[in-house]
Structure formats: C-alpha cells, structure tokens
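Let's start with one chain on its own, the form predicted on its own, as structure tokens.
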Amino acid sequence: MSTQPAVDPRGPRFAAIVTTVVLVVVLATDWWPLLAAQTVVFAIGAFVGLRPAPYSVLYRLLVAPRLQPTGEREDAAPLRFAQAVGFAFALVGTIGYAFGVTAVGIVATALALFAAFLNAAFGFCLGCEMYLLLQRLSPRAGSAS
C-alpha cells in the first residue's frame, strides 16, 4: 500500500467520466486550451495528490453526498500513476496542437481518451494495470539476485 490514503473507487471513475467528456470536446473542436487545462488536472492528480485534484473535489462536494457510503477502497498509488500517464499524453497533445502539429495533438488526445473511456465505461483503469505490471516486473528493493 502507498502512504496516500485509500480512495473510494467511485471517485476516480467519476473523474474518468468527466475526463472522457473533456477529451471528446477537445477532439471535436481542436480547442487545445481545454486540453491544456486537462493537462493541469492530470498534473495535480499525479504530482500533488488525488484529494486536491479538481474532479476529486467535485466528486466529494457534489456526487459523494448523494451516494450510499461504501467501505470499498483502492490504493492511491496506481491511480496517481494513471494520472501521470494521462498527464504525459495530454502534454504531448497540447504541445502538438499549440505548435500546429495537429496530427500529434489528435493522436495523443485520442490515446488519453481511450484510457479514460475504458475506466469510465467499464471500470478498467489502464494506467493502474500498467502500474501493477511494472510493480511485478521490477526487482524488489533488498531482494537477492
């Protein structure tokens, strides 16, 4: 487990739904400032923490009070890794759009959309699965070779 507090799994799924909508709008309009804003959202979730991330705040204030409490919790580390992956794709997309390399912007945004949609529609966090795979493949600290 990470040192971050465990989170209600419905929060990240809500964030994935909002992210999916944002990325669809970006792809439909090529409005890269919205992608830049999404990049900041990913950065906050990845590098500052999930609790202060804007979609987490919206979930806690507007959605969670209307739901039944749940005892189910998820480790924050895989979710933060997923946010970092989203940040990387959104950053590449933003740079592509901003510098007129629209194809790069579209491809990077579409890849981020694919991952967000998987989580929003099916509860499958691609970045979380990548994190877990990397954990299994990495040598353990202090283990003998």
Partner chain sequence: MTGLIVAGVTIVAAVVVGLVVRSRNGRIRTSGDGGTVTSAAPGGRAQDGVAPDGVSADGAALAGLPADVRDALTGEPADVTLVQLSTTFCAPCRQARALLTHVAERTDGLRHVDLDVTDKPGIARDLGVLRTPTTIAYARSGVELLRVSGVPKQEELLAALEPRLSGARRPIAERPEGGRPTE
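If you're wondering where the values come from, they're calculated on a predicted model, not measured in any experiment. Under this definition, the rigid core comprises the largest set of C-alpha atoms superposing within 1.5 Å between the forms. Residue numbers count along the first chain shown, from 1.
Another form exists, predicted in complex with its partner chain; not displayed. Remarks below refer to it.
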item: Interface residue in the model of the complex among 46, 92, 118, 34, criterion: non-hydrogen atom within 4.5 angstroms of its partner chain; value: 118
item: Close approach of residue 17 to its partner chain in the model of the complex, 4.5 Å, heavy atom; value: no
item: Heavy atom of residue 27 within 4.5 Å of its partner chain in the model of the complex; value: yes
item: Its partner chain contact at residue 77 in the model of the complex, heavy atom, 4.5 Å; value: yes
item: Any non-hydrogen atom of residue 81 within 4.5 angstroms of its partner chain in the model of the complex; value: yes
item: Sequence-ordered residues of 115-135 touching its partner chain in the model of the complex, heavy atom within 4.5 Å; value: 117, 118, 121, 122, 124, 128, 129, 130, 131, 132, 133, 135
item: C-alpha of residue 131 off by 2 Å or more between the shown form and the other one on rigid core; value: yes
